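The chain that follows stands alone, in the form predicted on its own, written as structure tokens.
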């Protein structure tokens, strides 16, 4: 799965959208759910460090078992130190990719699709992590 840069978070205007505190069942909605508790700014929810955050659009199917599908927007934080198991944006062998990072027992970039093989990172090879994917924005309604 590849990633294409689509923008940086930077300084963005706050946009408050109503947030209903009742959880939404996957069945018939409760009549009490029209009670609004507060507002929610999606930047507040998705962007913890605006100066270090950027957005990329996913390409390919290697991360579908992680809930990342072609065309999804990934929120990436460069300020986070990548840990074992994180989904990262990485450059390896001259390609930018989205994969789960494994650090033990050996360093590998692991696709989340059984049809794709893990990519071992040999000792001494150049692997650059461009950030940790913190949020996936997946549109249910296609254009």
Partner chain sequence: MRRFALVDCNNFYCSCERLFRPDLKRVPVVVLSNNDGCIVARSPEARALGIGMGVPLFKVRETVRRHNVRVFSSNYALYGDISARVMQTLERFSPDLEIYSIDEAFLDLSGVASPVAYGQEIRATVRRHVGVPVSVGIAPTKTLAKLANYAAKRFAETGGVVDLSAPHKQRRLLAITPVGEVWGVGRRIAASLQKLGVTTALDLARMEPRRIRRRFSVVLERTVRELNGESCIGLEAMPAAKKQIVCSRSFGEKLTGYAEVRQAVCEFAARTAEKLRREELLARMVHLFIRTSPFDGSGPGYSNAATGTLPCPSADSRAILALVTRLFDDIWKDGCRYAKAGVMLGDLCSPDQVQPDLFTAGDDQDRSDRLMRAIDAINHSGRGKIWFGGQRPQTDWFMRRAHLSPAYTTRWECIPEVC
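Source: prediction; values computed, not measured. Positions refer to the first chain, counted from 1.
One more form of this protein exists, namely the form predicted in complex with the partner chain; it is left out here, but the text below deals with it.
Although the partner is absent here, residue 100 is not a contact residue: none of its heavy atoms lies within 4.5 angstroms of the partner chain in the predicted complex. The shortest heavy atom separation between residue 108 and the partner chain in the predicted complex exceeds 4.5 Å. Contact check for residue 49: a heavy atom falls within 4.5 Å of the partner chain in the predicted complex. For the chain shown alone, residue 59 is a contact residue for the partner chain in the predicted complex, at least one non-hydrogen atom being within 4.5 angstroms.
If you take 114 to 133 and check each residue for a heavy atom within 4.5 Å of the partner chain in the predicted complex, you get 126, 128, 129, 130, 131, in sequence order.
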